[in-house]
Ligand code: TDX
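In the form predicted alone, a lone chain appears below as structure tokens.
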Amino acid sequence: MITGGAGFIGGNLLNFLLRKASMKLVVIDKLTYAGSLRGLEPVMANPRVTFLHADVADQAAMQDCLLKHRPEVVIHLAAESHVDRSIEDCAPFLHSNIIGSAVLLEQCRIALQRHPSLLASFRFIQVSTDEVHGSLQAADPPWNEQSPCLPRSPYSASKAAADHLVMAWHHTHGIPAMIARCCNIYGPRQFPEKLIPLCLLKILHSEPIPLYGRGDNIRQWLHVDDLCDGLYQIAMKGSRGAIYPISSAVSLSNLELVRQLCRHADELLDRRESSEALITTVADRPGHDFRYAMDSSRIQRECGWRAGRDFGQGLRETLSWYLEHRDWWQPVVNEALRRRAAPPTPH
């Protein structure tokens, strides 16, 4: 069972699991602005896939789904994930990331209570983020699974809260749960508000590429296929109650990343003038974390996972995917703009 299965990571995970194994897949998604079935039609048509349009915070829907399908593995991806949006309005983050996680955990507890034979094979995997740890300085060592949660944005605070709920249900109610904390993820089918697709769209339209502050904030970058493999390995080999950081050895400042992206995009578009001229610094994000870095030794040691995708090649392939699939992202962008312009629904 995959929550948030129509999102960026969820859609890629569906394709990965259909190639990797023969299990049946139950996909749940609320289909908010960042969730789209566009491009997933072949996946959804697969007889091994069942799709449910629902909110994970809907207690009745989650109970019905869990009791009906009795999944052995729940991979919880459904979440609001954009930091800037959480600063503007935290309410959707509290609803989806905290309330939604609590409802899902409680319904898993009830389902396991009613069907105790599932307990031996059941796994609940919470997909979290390195941002729950706060911010590092340049000389600080990377975080590991024992590092404390010190979130500094509404988004990261909501994810940290969800992580604590997962561990509470594990220790109090015996839910066999694990947490996967991942670094920045890139790849195809990512909503265009995120840094890499956003920069490419700005280049295509010769618009300024916004860069917070001086662009010296540092992040690790991991291809979505490597993350999908990591989640699969945790589901198959992970220890109950464990926290697994999943990251790569690729650490780049935002400015370094955008410059690399510009060079690859210019080559793919056969542009003679450098798109780096479009890079424009803007006022820094409030409370902007300086550096994220995690140590993935535990998942490497216990699950045999390694990041396999070369970053330069992965970035170039990602940009190529967007250039070849304008029919995917253009309607997504248009729909998002339409929803933002629509008047609020009265309650």
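Computed from a predicted structure; not experimentally measured. One rule holds for the numbers: they count along the sequence shown, beginning at 1.
One more form of this protein should be noted, the form predicted together with this ligand, which is absent from this view; the next part is about it.
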Partner proximity in the predicted complex: Val83 to this ligand, non-hydrogen atom cutoff 4.5 Å: yes
Partner contact for Tyr292 in the predicted complex: this ligand, 4.5 angstroms, heavy atom: yes
Contact test in the predicted complex: Arg219 vs this ligand, heavy atoms, 4.5 Å: yes
Heavy atom of Thr129 within 4.5 Å of this ligand in the predicted complex: yes
All of Phe124, Ala235 and Ser239 with a heavy atom within 4.5 Å of this ligand in the predicted complex: no
Stretch from 189-197, 67-75, 267-275, 102-110 whose residues place a heavy atom within 4.5 Å of this ligand in the predicted complex: 189-197
Sole residue of Asn184, Ser147, Ser251, Gln260 within 4.5 Å of this ligand in the predicted complex, by heavy atom: Asn184
Heavy atom within 4.5 Å of this ligand in the predicted complex - the one residue of Arg48, Arg285, Arg301, Arg306 that qualifies: Arg285
